[in-house]
Ligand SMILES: C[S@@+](CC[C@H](N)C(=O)[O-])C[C@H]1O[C@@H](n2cnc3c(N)ncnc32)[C@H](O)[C@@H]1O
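Read the single chain below, which is given as structure tokens and is the form predicted on its own.
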Amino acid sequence: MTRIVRKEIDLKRNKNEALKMNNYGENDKQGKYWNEAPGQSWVNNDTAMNERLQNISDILFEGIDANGCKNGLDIGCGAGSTTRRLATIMGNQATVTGLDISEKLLTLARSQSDSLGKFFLQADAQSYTFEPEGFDLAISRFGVMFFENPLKAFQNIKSAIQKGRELRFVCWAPLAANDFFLSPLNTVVDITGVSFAEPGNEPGPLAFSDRTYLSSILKAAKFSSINIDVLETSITTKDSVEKNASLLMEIGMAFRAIKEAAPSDEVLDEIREAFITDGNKRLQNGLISYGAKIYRVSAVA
């Protein structure tokens, strides 16, 4: 009897693992990352990050042409704030699908969204079998930089968009131009001595920071009318310097460096105090501000 019970449990476990693999598609590493502790950190800090990324969300949606669009796609939608905004722009007669690899973030998205016109799907945009030309508009706010095979991913995304319709997304310019990443990262490196090489084109927030590389991927995927605007903006928050410091300990390049360094509690306190000090220096008129540079990308399928 014990063997049968154990076998049933093993079968259920194997079935669950297979389901996860299907949802993670060809991006198993990223799937695990965004469904474990880092993904939960983004769930916990969703409201705080949406506030910080408000200027960038406005840039993403500025001048977007949703005229006549009935089916929208939000790639890497996270907890769904951009999905909801796209649904509002497209109107009540439209349907918007938010797609993400993180079930943790999608659970939050579903809890914050009514069902009218918005659907949330756990899938890997690199390998998911989309309905051919099923969408007449696709967007992403920092959701397209995490593919193991970006060319294949954009080819697949293109297949999902009607011919002549737009893909619009934002991604980060180089690390040196983004103080929200660079300043906390430098603090952790200075205090811990951890080695942290500047990211290249591997999956991650800065995968498309090389504008020439990004353009080559889109061209190879057969998109046309490719335009990459380089825009300077800011990341701002009304949070206290203490709350801001806590967030920096959990999200972004500093978090990754902290994880790599594995510092003692005493050193963690030192890092937190350094973030607070830096936040006070940045505090002006009730706002903590970081300089940011992004690419706003548009391309036609």
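Numbers follow the displayed sequence, beginning with 1. What you see is a predicted model, and the numbers here were worked out from it, not measured in a lab.
The discussion below concerns the form predicted in complex with the named molecule, not included here.
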Assert contact_stretch over 233 to 241, 61 to 69, 27 to 35, 262 to 270 against the named molecule in the model of the complex, heavy atom within 4.5 Å, equals 27 to 35
To verify the annotation, which of these, L167, I101, A87, L73, has a non-hydrogen atom within 4.5 Å of the named molecule in the model of the complex? I101
Among A125, V188, A138, A109, which has at least one heavy atom within 4.5 Å of the named molecule in the model of the complex? A125
Can P199 be called a contact residue for the named molecule in the model of the complex at 4.5 Å between heavy atoms? no
With heavy atoms only and a cut-off of 4.5 Å, decide whether C77 touches the named molecule in the model of the complex. yes
I'd like to know whether W42 contacts the named molecule in the model of the complex, with contact meaning heavy atoms within 4.5 angstroms. yes
Using heavy atoms and a 4.5 Å limit, would one call G143 a contact residue for the named molecule in the model of the complex? yes
